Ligand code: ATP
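Take a look at this single chain, the form predicted alone, given in structure tokens.
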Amino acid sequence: MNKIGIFGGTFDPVHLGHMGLAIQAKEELMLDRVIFIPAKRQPFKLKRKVAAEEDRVHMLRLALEEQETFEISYTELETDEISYTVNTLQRLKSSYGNTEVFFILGTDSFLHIELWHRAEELLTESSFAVGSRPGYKEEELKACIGRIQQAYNTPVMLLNNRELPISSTDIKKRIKKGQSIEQLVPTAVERYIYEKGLYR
């Protein structure tokens, strides 16, 4: 059976924290592929201004170009619907057939997953790979995983990665202030951001 990881997000911009989590998930879970899915309308960010789709996708392509088993799915960009994870995973799982699918996400996202759209359906139908880092909300995360596994019988794999304290929001703030974003985003992405004058 093939195993794939699904990594959704706005990727505005994609950064080294995203890349590190995806690489760790691929290695620990021995995934055949990791599929990045840029959201068109992220439900928790509907009122936020985001970079144009073509810029976010181009940055993702630049970030993934050295990872042969990483690819991009445009499924959420091809519709004007709000990008609900439960709908995306149901669509993808039906198209992949005999494939084990893990949804990859970080600690903070998983801690709030019971607030997501049709959370019960999502948690009973899907498997999750959750990034963590020693000392960061460790007890809270373990308690959350235990509660969810008991309530929904959800398969949850806790990744032993060094989740980097990098956020897209912080990167954008640094650009506005004229501060360096070196070592926060892939070099090619950094170059693209400056060439296009994004986030100023």
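The first residue of the sequence shown is number 1, and the count goes up from there. Here the structure is a predicted model, which means the values were calculated and not measured.
Beyond what is shown, the protein has a form predicted in complex with the ligand; the following relates to that form.
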### the ligand in the predicted complex reached by all of Phe7, Gly106 and Thr169, non-hydrogen atom within 4.5 Å
yes
### Message
Please identify the residue among Val57, Ala51, Ile145, Leu164 with any heavy atom within 4.5 Å of the ligand in the predicted complex.
### Response
Leu164
#### Entry: Leu21: touches the ligand in the predicted complex, heavy atom cutoff 4.5 angstroms
yes
### Message
I'd like to check something about Pro186: if you look in the predicted complex, is any of its heavy atoms closer than or equal to 4.5 Å to a heavy atom of the ligand?
### Response
no
### Query
So in the predicted complex, does any heavy atom of Arg133 sit within 4.5 Å of the ligand?
yes
### Message
If contact means a heavy atom within 4.5 Å, which one of 119 to 127, 67 to 75, 106 to 114, 84 to 92 is the stretch that engages the ligand in the predicted complex?
### Response
106 to 114
#### Entry: Residues of 11 to 28 having any heavy atom within 4.5 Å of the ligand in the predicted complex, listed in sequence order
Phe11, His15, Gly17, His18, Leu21
